[in-house]
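The chain that follows stands alone, in the form predicted alone, written as structure tokens.
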Amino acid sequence: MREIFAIFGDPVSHSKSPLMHNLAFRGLAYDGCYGRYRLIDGERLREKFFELQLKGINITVPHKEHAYRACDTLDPFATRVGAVNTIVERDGKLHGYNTDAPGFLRAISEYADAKNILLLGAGGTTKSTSAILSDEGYDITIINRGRERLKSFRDDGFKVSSFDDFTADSYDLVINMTSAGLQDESLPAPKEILDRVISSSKACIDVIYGKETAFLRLAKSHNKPTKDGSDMLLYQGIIAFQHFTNYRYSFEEIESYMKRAF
């Protein structure tokens, strides 16, 4: 019986995940199909999952914390960071995972000499990524427009700041973890802050993929190397596919098909 998977998010029409996963299903001869669903109300995530008779989903902005609350069981890392981007149904129970963080870690491995990282934004992606980067020995600073979302990061021992009280330091990597620039030309932080931190950085990364955001254009105007979120998307998708298919395939087997989406 064919298993149905999907990505939940708002917006979701831009997502490359259906193409990636369907290429892998077809290439590996797995009887699965992957679509997309625009979920406006994150509180209805669990209800909609069962209503659509899905086997598994990926979750993108702004529902990763809703996804966390919708699960019956969570893997240890998802429990720790409070954010889920992959859910698999087994025996009527929803099992939650976070594949964003290991996918991101793999995506920045080319910057071997990076030590200090500035993360822009304090949402679900930042929660998981900051934790795994900290585990790997990176020095992390997080800035966000408002102070309220920063409290949990401060409690976890991270250096945090709102835009209003931010004092720029020198950072190897400046990374946009927000959706700013996804559907418009907005920047993830005030330009005067970005100009300061980008000018002394080694490279700038945006988790948004498939377009040159205003943030990446600004980085290029400072003659800095840039990277979009394509590698992160690919790597987290491969790990999610392993969860979807009960670890039947190796990372390299899945990658050989998924990377064709790019």
Ligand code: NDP
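On a predicted model such as this, the values are computed, not experimentally measured, just so you know. Residue indices: 1-based, along the sequence shown.
Quick note: we don't show the form predicted together with the ligand, though the next part is all about it.
Although the partner is absent from this view, residue 209 contacts the ligand in the predicted complex, with a non-hydrogen atom inside 4.5 angstroms. Although the partner is absent from this view, residue 180 contacts the ligand in the predicted complex, with a non-hydrogen atom inside 4.5 angstroms.
When the ligand is considered in the predicted complex, residue 73 lies well away from it, no heavy atom lying within 4.5 Å. The closest non-hydrogen atom of residue 119 lies beyond 4.5 Å of the ligand in the predicted complex. Interface residue among 114, 132, 187, 168, judged by heavy atoms within 4.5 Å of the ligand in the predicted complex: 187. No residue of the trio 86, 227 and 243 has any heavy atom within 4.5 Å of the ligand in the predicted complex. Per the 4.5 Å heavy atom criterion, the ligand in the predicted complex is contacted by stretch 137 to 145, the sole one of 154 to 162, 137 to 145, 88 to 96, 74 to 82. Along 96 to 125, residues 100, 121, 122, 123, 124, 125 each place a heavy atom within 4.5 Å of the ligand in the predicted complex.
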